[in-house]
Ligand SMILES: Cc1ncc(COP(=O)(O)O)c(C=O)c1O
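To begin, one chain is listed below as structure tokens, in the form predicted on its own.
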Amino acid sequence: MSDQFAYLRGGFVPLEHATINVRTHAFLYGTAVFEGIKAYWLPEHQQMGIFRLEDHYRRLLQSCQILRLRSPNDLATLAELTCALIRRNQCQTATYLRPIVYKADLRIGPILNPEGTEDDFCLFSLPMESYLNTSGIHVGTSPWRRLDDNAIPARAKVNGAYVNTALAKTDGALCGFDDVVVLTGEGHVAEGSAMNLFLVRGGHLVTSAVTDNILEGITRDTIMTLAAQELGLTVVCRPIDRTELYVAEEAFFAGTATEVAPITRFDHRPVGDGQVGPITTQLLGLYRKAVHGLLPQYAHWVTVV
């Protein structure tokens, strides 16, 4: 691998020099927002392609708005910097990109003061294939509840909020599960530890409503689009009860890092016949084609670098 770089404090620096002061506000209080973006090697172009780049940065800027952060760069500049990092790091395989806007001033006190504070942007990359098993995973229901929109909103990817994810996923792993679903305060199914959830019920694709404390996922939107336009499926967004997990015909997680991860067991109960279902298999295939630039009708989703 060639020497790797990150972007920090307005310039590209060697990755090992991309450090922050221990007094940085974001480190002390979690006052930062981030995105997870994936880029893939495109066989048709023999170049890298970043999937839904501008959509990710639109969401990052929305997260900034919620957390009273001021991005030092506009959407076009953020996209240009990301393409530049891909080229500089000579990426030629599936790559995960992590952009962060964070409170960079050195002060004690949690107040998100929009005046007299310093906000910065950083970005790094690393090789990453899908990190969950696509042959079927065993998922448990976490006793940890998803944070509420009126506590720390899930629709903003707030760094500090991922302690909620860490607690749920860690305890799930210690119980022998591959991942977990988390419930809302009202007891409805929100999503996975850090990815959206889909069920197949009665031949329809069902996913939690955006009002159930979920991230408004870009992969979620991709799957909903592919399901409706390519498979002719009805997609229903509504509250999901916990016991619906046990009677679903199929189930899968969807997220940028996760991609599409079929679920074959919930809480020691098989999903359907305990095998990866046909709708999940079709959507997994379509998603892989889309991110690799092999579906011309969705070429606008891929930024070629």
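None of these values were measured; they are calculated from a predicted model. Just count from 1 along the sequence shown to find any residue number.
Another form, the form predicted in complex with the named molecule, is not on view; read the next lines as being about it.
The named molecule in the model of the complex comes within 4.5 Å of a heavy atom belonging to A254. Taking the partner from the other structure, the named molecule in the model of the complex has a heavy atom within 4.5 Å of a heavy atom of R220. None of the heavy atoms of D179 is located within 4.5 Å of the named molecule in the model of the complex. A residue is said to contact a partner when one of its heavy atoms sits within 4.5 Å of a partner heavy atom; I137 fails this definition for the named molecule in the model of the complex, lying far away. Of the listed positions (Y162, F124, W144, F121), a single one reaches within 4.5 angstroms of the named molecule by any non-hydrogen atom in the model of the complex, namely Y162.
This chain is displayed alone, yet in the model of the complex one of L205, V189, L85, M195 has a heavy atom within 4.5 Å of the named molecule; that residue is M195. Shown alone, this chain has one stretch from 25-33, 54-62, 244-252, 268-276 that lies within 4.5 Å of the named molecule in the model of the complex by heavy atoms: 54-62.
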